[in-house]
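We begin with a single chain expressed as structure tokens, specifically the form predicted alone.
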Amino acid sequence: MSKLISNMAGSVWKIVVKQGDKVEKGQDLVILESMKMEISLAAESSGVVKEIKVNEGDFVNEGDVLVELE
């Protein structure tokens, strides 16, 4: 199992996958908004989205788990 972890504090602007989606390594999963910039967070490995831990508009801190892949 692999996890997408936030590398900075910010708001979840957009979630571009849903539970059960098959994703490839490097595919964008979540877009954060921080300091008026949009930062894409991509999968570090291929897999299937097991669980999305956040909702659009949520504030996240560095180190928070955003998405779990299996």
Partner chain sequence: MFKKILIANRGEIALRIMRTCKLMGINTVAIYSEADKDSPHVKKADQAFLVGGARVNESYLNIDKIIEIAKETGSEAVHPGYGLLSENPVFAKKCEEAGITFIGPSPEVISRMGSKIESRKAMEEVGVPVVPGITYPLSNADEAVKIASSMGYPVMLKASAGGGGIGMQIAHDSEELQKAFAGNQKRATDFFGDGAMYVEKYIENPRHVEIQIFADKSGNTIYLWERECSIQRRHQKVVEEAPSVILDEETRSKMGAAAIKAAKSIGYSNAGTIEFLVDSNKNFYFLEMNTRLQVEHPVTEEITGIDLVEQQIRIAADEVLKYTQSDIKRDGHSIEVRIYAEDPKTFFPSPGKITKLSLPKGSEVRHELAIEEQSVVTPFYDPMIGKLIVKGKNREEAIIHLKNALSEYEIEGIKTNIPMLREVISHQAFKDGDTTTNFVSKYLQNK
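Numbering follows the first chain given and starts at 1. Note that this is a predicted model, so its numbers are computed, not measured.
Here the subject shifts to the form predicted in complex with its partner chain, a form of this protein not shown in this document.
Using a 4.5 angstroms limit between non-hydrogen atoms, residue 5 is distant from its partner chain in the predicted complex. Contact between residue 20 and its partner chain in the predicted complex is not found at the 4.5 Å heavy atom cutoff. The shortest heavy atom separation between residue 46 and its partner chain in the predicted complex exceeds 4.5 Å. Contact annotation for residue 50: none of its heavy atoms lies within 4.5 Å of its partner chain in the predicted complex.
Contact residues in stretch 1-19 (any heavy atom within 4.5 Å of its partner chain, taken in the predicted complex) are 7, 8, 9, 10, 11, 13, 14.
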